[in-house]
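Read the single chain below, which is given as structure tokens and is the form predicted alone.
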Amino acid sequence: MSQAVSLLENVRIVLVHTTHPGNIGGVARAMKNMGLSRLYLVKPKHFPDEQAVWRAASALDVLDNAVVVETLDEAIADCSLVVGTSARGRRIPWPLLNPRDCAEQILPALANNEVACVFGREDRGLTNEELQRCNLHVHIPTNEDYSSLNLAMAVQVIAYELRMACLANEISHDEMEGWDAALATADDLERYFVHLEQTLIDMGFLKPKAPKQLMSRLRRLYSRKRMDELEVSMLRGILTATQAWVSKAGKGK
């Protein structure tokens, strides 16, 4: 097995709330074309389904091994890098990569980490909340006069760039190779954000009735860097100590 093929085994394609089963089959075919095999489906409307089988053609093995889950958090919980596809403007801008640059950023993480590429609903993509679960956002720069891509086409573009990046870099350098702790997973980070939000509320810094996008901006801040498990544990320890201090100060009033 070549290094490129081995790296691609750490990539999972995640489809969120897919409406048409034929699109699932088309995605399976696009994935197999590019050497990807791991498909996760978040609460699809129809699956399994004959239309998915028909569209998949010779990629039935990808369909047969697809993992069906109820939530996005389940699909990405053990991933250290999560990439969300985005075609929408957002109130708070996030760094937006094109597929080629995105593949180059994904490549170093593939040697030792699970990576998820997340695609949203056919009609409206990913929600802002779902995009906030992602470390990187990627946008396919289509023709402005005809920008519509179906789901399988979008997956094909991202999968192609990933494959080309792997083939062009049979020996890639990970800046965190030899790191002294495993990278934090999406589940680790989500638990941290929940802890951080509650601590900010306890401190009186975050007003639940008027949050003013504070948590969205903090998520963006932390998502720009890859944290390891020890760093997240350390930060949560600080939050726990802060909560204890706030509780003690409150009792002294």
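Rigid core (definition): largest C-alpha set, two forms, superposition within 1.5 Å. Residue positions are given as counts along the sequence shown, with the first one as 1. Given the structure is predicted, the values throughout are model-derived calculations rather than measurements.
The form predicted together with ligand SAH exists for this protein as well; it is not shown, and the discussion that follows is about that form.
J.: Using a 4.5 Å heavy atom cut-off, indicate which stretch of 69-77, 101-109, 159-167, 123-131 touches ligand SAH in the model of the complex.
T.: Of the stretches listed, the one contacting the partner is 123-131.
J.: Taking Phe119, His139 and Leu149 together, does each of them reach ligand SAH in the model of the complex with some heavy atom inside 4.5 Å?
T.: All of them do, each having a heavy atom within 4.5 Å of the partner.
J.: Quick check on Asn113: any heavy atom within 4.5 Å of ligand SAH in the model of the complex?
T.: It does not: once ligand SAH is placed as it appears in the model of the complex, Asn113 has no heavy atom within 4.5 Å of it.
J.: Does Ala154 reach ligand SAH in the model of the complex, with heavy atoms at most 4.5 Å apart?
T.: Answer yes; at least one heavy atom of Ala154 falls within 4.5 Å of ligand SAH in the model of the complex.
J.: Within 4.5 Å, heavy atoms only: does Ala181 come near ligand SAH in the model of the complex?
T.: Looking in the model of the complex, residue contacts with ligand SAH do not include Ala181, since no heavy atom lies within 4.5 Å.
J.: Answer for Thr85 alone: is it within 4.5 Å of ligand SAH in the model of the complex, judged on heavy atom distances?
T.: Heavy-atom contact with ligand SAH at 4.5 Å: present for Thr85.
J.: With both forms fitted on the core, give yes or no for whether the Cα of Thr71 moves by 2 angstroms or more between the shown form and the other one.
T.: No, shifts by less than 2 Å.
J.: Taking the rigid core as the reference frame, is the Cα of Glu144 displaced by 2 Å or more between the shown form and the other one?
T.: Yes, the C-alpha position differs by at least 2 Å between the shown form and the other one.
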